[in-house]
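Here we start with a single chain on its own, the form predicted on its own, put down as structure tokens.
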Amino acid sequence: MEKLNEARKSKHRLTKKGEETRSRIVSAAAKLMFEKGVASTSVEDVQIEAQVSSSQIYHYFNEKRELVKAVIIYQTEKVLSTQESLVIQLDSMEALKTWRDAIVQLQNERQCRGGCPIGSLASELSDIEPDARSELEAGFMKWENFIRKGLHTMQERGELSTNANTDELALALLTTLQGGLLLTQVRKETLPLEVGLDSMLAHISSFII
């Protein structure tokens, strides 16, 4: 049994070149699924975009579902790393406003196209792919925790009233962000996003001591 487990681990242990190839496939799939949607992105499309053979794709992913799950994880990590590159923590009103401005600016640069990479996957997959929905839920929870951590830090420093429910504020801010991104995509203007985020930041600010 131990030898069998070791064999399985060895099979899934990738070389540096293997890691690079797998990453290139996932990155290409993420790009296409963001632009075209999951249903409209075929394995052949990914093969062409990543410049790999079909056998290479199926070496790393037994089926498209596995590739989609890898894309969800990839997009979650990408979104969170982008957030953290803007501000290490959302632990002050200044940091929250910087974060707000950067998100609005990004949508302007994208010409209000695409919406949220994770949200787009969620709207397409949540009702039809239970495994994907679980991965998406975990991704959103990581994002929510990032927001909550900053608010909790403000509260610990005595800057945010103890009357503020940081769990609910974090969830409300993420919910507002997702709705704002969706309406921005539909209306092709950032006003819905700006109004929503400004209203939530004003609400959070009302708890500042």
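Since this is a predicted model, take the numbers as computed values, not measurements. Residues carry their position along the shown sequence, with the first being 1.
Quick note: we don't show the form predicted in complex with another copy of the chain, though the next part is all about it.
The putative spot formed by Gln83, Leu106 and Pro117 is not touched by another copy of the chain in the predicted complex; no residue has a non-hydrogen atom within 4.5 angstroms of it. Residues within 4.5 angstroms of another copy of the chain in the predicted complex, judged by any non-hydrogen atom, belong to 28 to 36 and to none of the other stretches in 65 to 73, 28 to 36, 50 to 58, 150 to 158. Although the partner is absent here, Glu168 is a contact residue: one of its heavy atoms lies within 4.5 angstroms of another copy of the chain in the predicted complex. Taking the partner from the other structure, another copy of the chain in the predicted complex has no heavy atom within 4.5 Å of any heavy atom of Phe146. Another copy of the chain is not drawn, but in the predicted complex it has no heavy atom within 4.5 Å of Arg24. Among residues of the shown chain, Thr175 is one whose heavy atoms approach another copy of the chain to within 4.5 Å in the predicted complex. Contacts of stretch 130 to 161 with another copy of the chain in the predicted complex, defined by any heavy atom lying within 4.5 Å, are made by Arg133, Leu136, Glu137, Phe140, Met141, Glu144, listed in sequence order.
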